[in-house]
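Read the single chain below, which is given as structure tokens and is the form predicted on its own.
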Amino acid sequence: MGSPIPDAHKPELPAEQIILTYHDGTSRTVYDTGIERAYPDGKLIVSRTDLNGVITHVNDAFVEISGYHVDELIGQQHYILRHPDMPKAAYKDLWDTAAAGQKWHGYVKNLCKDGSHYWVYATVVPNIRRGETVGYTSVRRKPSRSKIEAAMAQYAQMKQNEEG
């Protein structure tokens, strides 16, 4: 397991302060400015993790949109990007599907280092070496606006259910 992720730096812009608690029991303070970053046209955002969700590889597009430096990402839990609007059940489905050796597709709202966010259409696949799953690769594409709107409504409902 990597070391606990440090709290996010408070951005210059007005932002909501939120404490997120992750599946492994660690917590972190993050900030949400509500500002959306446009997905970069014509680019794929790629990352790989080990079996525990620790980032082992990121491509340049990932670094660019997330606002983190490569050395701030490698060795960290992938949930460093978790946006507070994302329901826990969405990640549980992703990890359960990938751990079962299946391909997962879905819409994800990610949190950038500066408190802004971006939406992706993610495909997560297990990395298999000599018959054993050794980690996971996620490839993100630009999502359509209508799919983002549908995901926002679905995720808001799921968040209400988990807090209710």
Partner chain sequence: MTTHNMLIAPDFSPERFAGWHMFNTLIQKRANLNMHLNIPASHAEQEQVINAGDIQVIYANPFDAATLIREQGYRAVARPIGKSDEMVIAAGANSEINRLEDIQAGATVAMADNRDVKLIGLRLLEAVDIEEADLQWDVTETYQAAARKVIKGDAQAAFFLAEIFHSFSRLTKTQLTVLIESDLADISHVLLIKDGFSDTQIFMDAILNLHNDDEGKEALAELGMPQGFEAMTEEDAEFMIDLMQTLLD
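Residue numbers count along the first chain shown, from 1. Fair warning: this is a prediction, and the values are worked out from it, not measured in the lab.
Not pictured, yet referred to below: the form predicted together with the partner chain.
With the cut-off set at 4.5 Å between non-hydrogen atoms, does residue 116 touch the partner chain in the model of the complex? Judged by the heavy-atom cut-off of 4.5 Å, residue 116 is well away from the partner chain in the model of the complex.
Do residue 126 and the partner chain share at least one heavy atom pair within 4.5 Å in the model of the complex? Residue 126: yes, in contact with the partner chain in the model of the complex.
Flag residue 33 as yes or no: does it have a non-hydrogen atom within 4.5 angstroms of any non-hydrogen atom of the partner chain in the model of the complex? Close contact is absent here: in the model of the complex, residue 33 is far from the partner chain, nothing within 4.5 Å, heavy atoms only.
Please run the contact check for residue 99 against the partner chain in the model of the complex: heavy atoms, 4.5 angstroms, yes or no? Residue 99 lies outside the contact set for the partner chain.
Among 108-116, 25-33, 40-48, 66-74, which stretch has residues with heavy atoms no more than 4.5 Å from the partner chain in the model of the complex? Careful reading of the contacts points to 40-48.
Of the options 17, 21, 144, 154, which one has a non-hydrogen atom that comes within 4.5 Å of the partner chain in the model of the complex? Filtering the options by heavy-atom distance leaves 144.
Is any part of 52-66 within 4.5 angstroms of the partner chain in the model of the complex by a non-hydrogen atom, and which residues would that be? The stretch touches the partner through 57, 59.
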